[in-house]
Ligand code: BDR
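We begin with a single chain expressed as structure tokens, specifically the form predicted on its own.
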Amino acid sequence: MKTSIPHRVIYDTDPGVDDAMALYYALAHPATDVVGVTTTFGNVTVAQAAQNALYLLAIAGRPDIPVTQGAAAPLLKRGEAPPEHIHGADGLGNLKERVATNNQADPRSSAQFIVDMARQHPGEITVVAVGPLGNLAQALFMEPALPRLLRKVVIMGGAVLEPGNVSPVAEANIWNDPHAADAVFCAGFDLTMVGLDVTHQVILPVILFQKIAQHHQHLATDTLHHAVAFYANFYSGLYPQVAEIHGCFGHDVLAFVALTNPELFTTQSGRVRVAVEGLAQGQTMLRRKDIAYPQEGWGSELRDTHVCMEVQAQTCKVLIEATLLAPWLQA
């Protein structure tokens, strides 16, 4: 593993099973320093997302990391019910019980927290966003200089060549708040997109998380194993290649892998826009050819996005396993 100066990360999330997987990878990896967790609606309501973030941090021995509650609904489109059949009604595979914890949410909104941290630490903070992008969009409205204040942004969302998972062309995080996503893609961030083109190439078996739980003998990894087992039942019922190993796609954790080990990905850079209405709502469109289009919206004023198109899947699996097996839990 690389052990250079860690990335100072705000984790923007809607936990969510794969969000929990990504959080624990980030806590375990020496190249990431999680300085805050901002929550949004998506896999669960935003109130449940904040509760889950607080719980996951507390049982992992990191109640010191601030958690904020943010966007509760899309900017403009009609909201959707959380997908209980994928993540469970509680977002963590319907845990039978939770131990008592006493860490409390930071009273600031998620957008305010992002702005405050960016202003206090200009050029130092990376936002890793793995849910709908309302918090980043609202932070942009509050601080138009945000793209210059943040070091970079990595998002899990979108698809270019791979079919979508909520429509033939749309990925769920972008579809849930397409107006926010388009605002983020157009803002001028140093932005990396980790979408279905690569996340559908990395299938993580439940047995891996069983191994991690048995190794650590800890409530946090037991909780993750339980959640992943629930999540894998959904994916194994939908995708034959996932059912073969009884696992799940490594969606959100790959956003952190792209941050810690970018050499494992092949990217294509170009301007990205989001369809905000109609049958294509939520589609992420990558300008793959440098030609002059008659349609507006693809001008040179837009900064290119680095879009992950290929991934070294087996190496990613080995890295995720090694990271989560390492001694990282603090309680």
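One-based numbering along the sequence shown. Since this is a predicted model, take the numbers as computed values, not measurements.
Just so you know, the form predicted in complex with beta-D-ribofuranose (BDR) exists too; it's not on screen, but the next bit is about it.
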| property | result |
| --- | --- |
| Non-hydrogen atom contact N43 with beta-D-ribofuranose (BDR) in the predicted complex at 4.5 angstroms | yes |
| beta-D-ribofuranose (BDR) contact at V130 in the predicted complex, heavy atom, 4.5 Å | yes |
| is_contact(A181, beta-D-ribofuranose (BDR)) in the predicted complex, heavy atom dist at most 4.5 Å | no |
| Close approach of D177 to beta-D-ribofuranose (BDR) in the predicted complex, 4.5 Å, heavy atom | no |
| One stretch from 220-228, 120-128, 244-252, 94-102 that, in the predicted complex, holds residues within 4.5 Å of beta-D-ribofuranose (BDR) by heavy atom | 244-252 |
| Option touching beta-D-ribofuranose (BDR), based on a heavy atom within 4.5 Å in the predicted complex, out of N233, N165, T260, S109 | N165 |
| Selected contact from A139, V198, A71, M156, since only one has a non-hydrogen atom within 4.5 angstroms of beta-D-ribofuranose (BDR) in the predicted complex | M156 |
| Residues of stretch 160-189 in contact with beta-D-ribofuranose (BDR) in the predicted complex (4.5 Å, non-hydrogen atom) | N165, E171, A172, N173 |
